[in-house]
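Only one chain is included here, represented as structure tokens and corresponding to the form predicted on its own.
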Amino acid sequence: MAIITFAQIKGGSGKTTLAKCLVAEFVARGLPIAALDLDPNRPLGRFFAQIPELRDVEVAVPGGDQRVSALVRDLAARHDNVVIDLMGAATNDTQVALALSDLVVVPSQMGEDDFRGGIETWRQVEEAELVARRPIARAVLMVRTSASAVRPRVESFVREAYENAGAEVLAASFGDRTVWREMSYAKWVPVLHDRDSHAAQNVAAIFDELMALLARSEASAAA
């Protein structure tokens, strides 16, 4: 079982797009998955409802007296994997979700604001790990990067800055592609509808690296 959370205190970093794609990748691979949508706009449920292959994915949202901790535990009790899309802010719900996570992905574009937000989010995960008294796997994922094979200098600079600050950065990055912005309108998801496309292969590479990171974390905790 894995609880995977997308977290970044700076809004507009790509958390929701990544959550949509990761859930779709679980479905494409025939793996059980549910989601918890903590974005105030509740985009996940609306998106999944438009895509036939995703309509059966359970999406929980907080409401009434329900606590985030109870929602996470309920989903995890009934589903092998849970993806959490956090709001772009540091809140109590954010800290609770981080402490219950097995893996936290910190999306970051290449601007200074994203970098500062990413580092602060990384520190929050470290604090959540202390509260939870167990290891929480985590990594920064560069997003909206060039889709070409050549890595721009600015991306290399930002990667180095994260690593110098003690953060692990995934080797894979999430390329800037028009298709990600069109998914909701076109009702066409490369991960589900064109597995041979570069876009789908991009998500598959990220998925594989995340699963390897989880496996390493679990092996280290068991040692």
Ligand SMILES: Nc1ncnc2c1ncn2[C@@H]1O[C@H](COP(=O)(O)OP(=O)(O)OP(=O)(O)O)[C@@H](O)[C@H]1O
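Just count from 1 along the sequence shown to find any residue number. Bear in mind the structure is a predicted one, so any value in this text is a computation, not a measurement.
There is another form of the same protein, the form predicted in complex with the named molecule; it is not shown, and what comes next is about it.
Review point. Which listed residue (Lys187, Arg195, Arg181, Arg42) meets the criterion of a heavy atom within 4.5 Å of the named molecule in the predicted complex?
Key: Among Lys187, Arg195, Arg181, Arg42, a heavy atom within 4.5 Å of the named molecule in the predicted complex occurs only for Arg181.
Check your understanding: Within 4.5 Å of the named molecule in the predicted complex, heavy atoms considered, which of Val72, Val105, Ile136, Val143?
Key -> Contact residue from the list: Val143.
Check your understanding: Applying a 4.5 Å heavy atom distance criterion, does Phe47 contact the named molecule in the predicted complex?
Key -> Flag for Phe47 set to no.
Practice item. Report whether the minimum heavy atom distance between Pro62 and the named molecule in the predicted complex is within 4.5 Å. Key: Taking the distances in the predicted complex, the answer for Pro62 is no, it never comes within 4.5 Å of the named molecule.
Check your understanding: Is there a non-hydrogen atom of Glu168 within 4.5 angstroms of a non-hydrogen atom of the named molecule in the predicted complex?
Key -> No, Glu168 stays farther than 4.5 Å from the named molecule in the predicted complex.
Check your understanding: Within a 4.5 Å heavy atom cut-off, is Asp176 in contact with the named molecule in the predicted complex?
Key -> Although the named molecule is absent here, Asp176 would touch it in the predicted complex, with heavy atoms inside 4.5 Å.
Practice item. Pull the contact list for 1-29: residues with a heavy atom within 4.5 Å of the named molecule in the predicted complex, in sequence order. Key: Heavy-atom contacts to the named molecule in the predicted complex: Lys10, Gly11, Gly12, Ser13, Gly14, Lys15, Thr16, Thr17.
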